[in-house]
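First comes one chain, alone, set out as structure tokens in the form predicted on its own.
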Amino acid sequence: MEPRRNFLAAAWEGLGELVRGFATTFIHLFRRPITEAYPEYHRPLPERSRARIILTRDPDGDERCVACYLCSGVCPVSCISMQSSQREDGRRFASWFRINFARCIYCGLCEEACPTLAIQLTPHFETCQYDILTLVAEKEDLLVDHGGKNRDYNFYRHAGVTAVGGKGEHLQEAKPVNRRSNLP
């Protein structure tokens, strides 16, 4: 008699679970669908989303990038490369700048390392391509006509254009301390 009782208990338990499953299906059958038609509707992403990289400009319209190589040095997958040059007025810039988005992991370390706030990550995440070579972006593809998240920041107003000249000769720079006069 004992095995029959276990079988009946298991059968009633299984039947109860089956009814619960059908009830859940029946409840969801009459709900409105929550499917979003992706290409037509783009879900708004948070402002701090990290996706496509851009190169921004300062308020004067010049490029912010000074080709310091910090972004390419900190990149864990080495997807950033550039070449530095210098203008006649002493300002540095990147003569060419290249990012391979096929290798980029969108970690944001390049944005954090950039002292001039030139590299910024935007929420634009649609970078799928059939040809992998189209995922290599040049400077002209990355450069935008605005300042990004920090519109009013200008690196050269704070740091100066060049380090040519003696120490303490830049605007608002203190004269250097004579280290021999500080000895006891």
Partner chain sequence: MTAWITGCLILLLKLGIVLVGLLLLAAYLVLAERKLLARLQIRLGPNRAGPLGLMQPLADAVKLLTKEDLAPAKADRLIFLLAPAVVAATALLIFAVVPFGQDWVIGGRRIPLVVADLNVGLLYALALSSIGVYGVALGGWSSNSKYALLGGIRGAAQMISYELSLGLALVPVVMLAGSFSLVEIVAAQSRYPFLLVQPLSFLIFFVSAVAETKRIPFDLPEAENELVAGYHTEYSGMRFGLFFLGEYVTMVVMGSLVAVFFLGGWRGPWLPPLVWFFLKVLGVVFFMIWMRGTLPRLRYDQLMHLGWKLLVPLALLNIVVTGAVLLLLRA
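On a predicted model such as this, the values are computed, not experimentally measured, just so you know. Residue numbers count along the first chain shown, from 1.
The same protein has a further form, the form predicted together with the partner chain, not shown here; the description that follows concerns it.
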Considering the partner chain in the predicted bound form, find the one stretch among 45-53, 32-40, 118-126, 142-150 with heavy atoms no farther than 4.5 Å from it.
32-40
Hey, in the predicted bound form, is Gly21 touching the partner chain, heavy atoms inside 4.5 Å?
yes
